[in-house]
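The chain below stands alone, shown as structure tokens; this is the form predicted alone.
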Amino acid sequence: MKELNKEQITKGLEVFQNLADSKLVTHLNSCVHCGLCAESCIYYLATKDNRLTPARKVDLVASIYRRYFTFTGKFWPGFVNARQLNKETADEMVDLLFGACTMCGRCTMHCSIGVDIAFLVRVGRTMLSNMGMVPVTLQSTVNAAVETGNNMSIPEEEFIATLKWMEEELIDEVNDPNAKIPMNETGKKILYTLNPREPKFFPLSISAMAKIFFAAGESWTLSTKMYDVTNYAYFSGNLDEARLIAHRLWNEMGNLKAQTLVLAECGHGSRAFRWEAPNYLQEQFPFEVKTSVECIADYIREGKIRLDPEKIKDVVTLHDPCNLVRSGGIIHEQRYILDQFIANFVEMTPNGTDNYCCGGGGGQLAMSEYNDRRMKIAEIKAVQIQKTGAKIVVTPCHNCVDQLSQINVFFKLGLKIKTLAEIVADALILENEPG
């Protein structure tokens, strides 16, 4: 790419224009360079490359702010390490902020003074998005969602055909001709979403959740027009595109007159819609929003579904998705579910809010140019899993499923990787179950 032009620089710096944003200004000025964040970061732990530490990423974004928006930075930039926004700086930003960060937030949790490092990385990504410098592979995923309504560009007729096929499988499995996967039905209690990877690569995940809904006697439907729970614009930093994608799902709730939106097993999708969408849409939800993890836990507590504790004999461990657990606070529900029917459940160390990222978040799975680096950091998760002795890894996130599946093959772990819905569906006790 040629040297940045004036328009690109202006658009990049627009992120800092609204200095009324006290959070941004506070976090830009707060890092004390203690270095504690380095030991929290899977990129540093896997490579021991000081260039990849979270503090370096924070300082990269803050140095541009200092150069253009502080008195000292404008007139004596060398004294405060203030950097000009040029091609060299922008290229380093792309490599570090997109190519060496999953935005997992583990460094933020370990920061001695609470700097929101993942937030500042996303600010830097927004700068790059404004300048047209999002990696092409990631932007193409966003474009697919914007242009077609789902990030895999699945035609509606193909999606409907997959759902009908899965419905036939469901009828056979539950031995009940009344079982169904409802489509575009209005006035249902629940509108359920999907990660497009499910109809494209993991259709059994669809039938697993449909089986759970059937067992619970739930009133639910899928939309064939807007079902994508993901929002990769949250990762690219393009707030306009993130807002557009979120608004479509919001509107579909109104179109189908559903009461509750249940988000499929997708960490960033849950965060981007449930916790972030009200901020960039500047509206409160007029409907209930919950994750499928919470939905399943409620069914168990209310006695709507029963699980066979003799069904799963293998040792099972749980991978905590960063956006769902560390950022969303959904920590205990998945453990409550597994404790009801898994006799041999072993936690990873560390786990919960301190768990290591699998390496697939932050858009990494969409950016093939960073595959080697992604699999390098994945070794940390591979070792973590091996130490548990587990044969089954459960995770309530399809991005994590994809990354863990690649880890399984790459490191020859010999595991089964399952979503939470899949392992629950495996253990369901049904009234008409074939003998």
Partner chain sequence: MFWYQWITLGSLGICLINSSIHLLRLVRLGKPTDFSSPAGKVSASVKYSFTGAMNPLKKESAYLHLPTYVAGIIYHLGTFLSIALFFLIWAGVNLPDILIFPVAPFLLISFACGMGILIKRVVKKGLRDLSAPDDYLSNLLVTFFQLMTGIVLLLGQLIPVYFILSGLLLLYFPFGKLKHAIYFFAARYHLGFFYGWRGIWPQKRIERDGG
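The structure presented is a predicted model; accordingly, all values stated were derived computationally and were not measured. Numbering follows the first chain given and starts at 1.
There is also a form predicted together with the partner chain; it is not shown, and the following applies to it.
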Task: Location of the partner chain contact in the model of the complex, chosen stretch of 54-62, 403-411, 376-384, 389-397 [non-hydrogen atom, 4.5 Å] - done: 54-62
Open item on the list: Would you classify residue 238 as touching the partner chain in the model of the complex, given a 4.5 Å non-hydrogen atom cut-off?
Closed with: no
- [ ] Check whether residue 88 has any heavy atom within 4.5 Å of a heavy atom of the partner chain in the model of the complex, and answer yes or no.
- [x] no
Open item on the list: I'd like to check something about residue 112: if you look in the model of the complex, is any of its heavy atoms closer than or equal to 4.5 Å to a heavy atom of the partner chain?
Closed with: yes
Open item on the list: Is it the case that residue 279, even though its partner is missing from this view, gets within 4.5 Å of the partner chain in the model of the complex, heavy atoms only?
Closed with: yes
Task: The unique member of 144, 154, 171, 331 whose heavy atoms fall within 4.5 Å of the partner chain in the model of the complex - done: 331
Task: Answer option from 306, 335, 243, 200, heavy atom within 4.5 Å of the partner chain in the model of the complex - done: 335
- [ ] For the three residues 325, 339 and 346, verify that every one has a non-hydrogen atom within 4.5 Å of the partner chain in the model of the complex; reply yes or no.
- [x] yes
Open item on the list: Residue by residue through 25-51, which ones have a non-hydrogen atom no more than 4.5 angstroms from the partner chain in the model of the complex?
Closed with: 25, 26, 27, 29, 30, 32, 33, 34, 35, 36, 39, 40, 50
